[in-house]
Every structure is written in structure tokens, then in C-alpha cells.
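One chain is shown next in C-alpha cells, namely the form predicted alone.
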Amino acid sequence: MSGNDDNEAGNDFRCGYATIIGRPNVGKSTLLNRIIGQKLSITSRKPQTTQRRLLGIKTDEHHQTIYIDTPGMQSRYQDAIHRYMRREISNALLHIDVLVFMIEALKWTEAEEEILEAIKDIKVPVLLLINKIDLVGDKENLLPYIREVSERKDFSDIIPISAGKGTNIRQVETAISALLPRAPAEFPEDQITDRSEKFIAAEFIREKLIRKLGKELPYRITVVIEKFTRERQGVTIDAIIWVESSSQKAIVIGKEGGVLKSAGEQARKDMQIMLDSKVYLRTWVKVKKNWSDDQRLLKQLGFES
């Protein structure tokens, strides 16, 4: 192949950013994990599971799509952690090439109206994904629903999907990549996220605890990795789980340490898959009073906008 041919092939490569937005629990993180092909973003049925932006990078011969997973958009809470999460969403809407708006089949709530208002002036193509179609009993109800939501905005495309089951995910990837600008790759082809192994390890612990605890605790728990060392025999990880009160600490630890032990064991298994190594995990639960509503403490705990 001549040098000119190489240049022409290079000019056909597409690379760009696609932000995934939607209300809490609509399936954004599940979609990202499905597209990337491995677990990057934690998931649960509890609100406020995703607290920070996370990039998932998918590269093939002709495209590099940089997906941005965001916290669920909501305005009900006004404390510092939720203000931080809203800033994360706002930042994720800057300098992007495609916006992926996820909703749940047969549902349109006040949260969707808020999102529609927030993105009304956005200049990039907006792809609407209707998720959880596998939970719709009578599929004939989907067509009138699709017609209804199609009138709310001039979407570049509307695709019914099941992120959990993998239905129509290839179609989503094709639609997004076709909207990306012609540009060289920004990341090495084998890189799949901008986050460190330490960050993802901390998130694995938080995920397991969230799944075991009530609705009010998830955003009042954060995890900081104090030690992360690789040696021949495996990876040693020391993690501190921060909560806001002694009563929350007791809940996280559980009767005779049962909750913490179970969550740690499940998180360790995920870490071993991610790191492809034996993992030695130790966890402690400590109290920082009202950290979720203290801007200074948020920064100390790694929440940087």
C-alpha cells in the first residue's frame, strides 16, 4: 500500500465523545459495561449509584468512541455531593460529539422533562435510547410510545434496547460511530477507561455495599484506597469505607461483621477478574461527620470537579 493510501485510510478514521445521560437507575452504567465488554461502571437498583463521570473507550479498526457515563440527573437534593454530581453532568455535556439520552420503556417522568429542558439548546445530535424493552409485556404498546416521545425533540435516531440483555446494542454503536467526526484516536487502542485500577477497585467495594443497604445510605458512603501494591504473589489492597455517623458504621459492618465481610468477598472476586491476579483485600469503616455536605471534605475524599 502506498503512503497516499495510508493517508486516505487515516482520514476515514472517526473519533469522538458520546455522553450518556438519563435519570437515576435508567441503565446508563449497564449500557456502558455492555458496550465495552467488561465491568467498568458499577450498577445497582439503588439511586445515586454513579457519583462521578467515567470514560469507557471502545476502539476498532475504523472508530474510537469515548463514552462518558454520568450520574443520574435529578434536582431533588441540594447537599454538596449532589451539587458535585450535577457539575459532573454539566461538564460531561461540554465538548462532546453525540448525546445519548436514555429513558425507560413506557415511562416519561418529571426527571425526563428536566433533562429535556437541560439539553434543549445542545448543538450536537441527540440519540434517544428506550431501555428495558425486555420488561414490556405487550410489545404492541411500544409503537405508540415511540411515536409519542419522537414528538418531544428532533432526535437523530430512536432505538429500543435492552442494555441488560444486549438487545440492539450493536445498532446503538453503529448509530453513534456514524455521528463521530473524522479525527485520529485520542487514546491507545488497548485503553478502555480513563480511571485507575485503584478507582475501580474502590467502586467495586461501594457497589457491593450499596446492593446490600437501604436507599438512603448509598450516597453517604464513599471508599478510599489507602494501599494498592502489586507483588509476585498478588495485589494487596487496603480500603477505608467512609460514612457519616456511628449508626451508619454499624449498618455497614452488619451483625458480627456479616455485611462488610460479604461485600468485601464479592468485591475481591471482581477485582481479581479485573486485575487478573490474586487479591488480598482489607477493609475498615470510619466516620467523617457530614462529609457528603462539606465541600472541603469532598475534595479530601477525591471528589474533584
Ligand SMILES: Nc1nc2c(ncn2[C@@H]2O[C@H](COP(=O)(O)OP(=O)(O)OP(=O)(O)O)[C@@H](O)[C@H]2O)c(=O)[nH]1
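Heads up: residue numbers just count along the shown sequence, starting at 1. None of the values given here were measured: they were computed from a predicted structure.
What follows is about the form predicted in complex with the named molecule, which we do not show.
From the list 276-284, 64-72, 255-263, 236-244, the contact stretch for the named molecule in the predicted complex under a 4.5 Å heavy atom rule is 64-72. Residue contact with the named molecule in the predicted complex: residue 163 places a heavy atom within 4.5 Å of it. Residue 23 belongs to the set of residues with a heavy atom inside 4.5 Å of the named molecule in the predicted complex. By the criterion of a heavy atom within 4.5 Å, residue 269 is excluded from the residues contacting the named molecule in the predicted complex. The named molecule in the predicted complex is approached by residue 135, whose closest heavy atom lies within 4.5 angstroms of it. Taking 249, 46, 39, 53 one by one, only a single residue has any non-hydrogen atom within 4.5 Å of the named molecule in the predicted complex, and it is 46.
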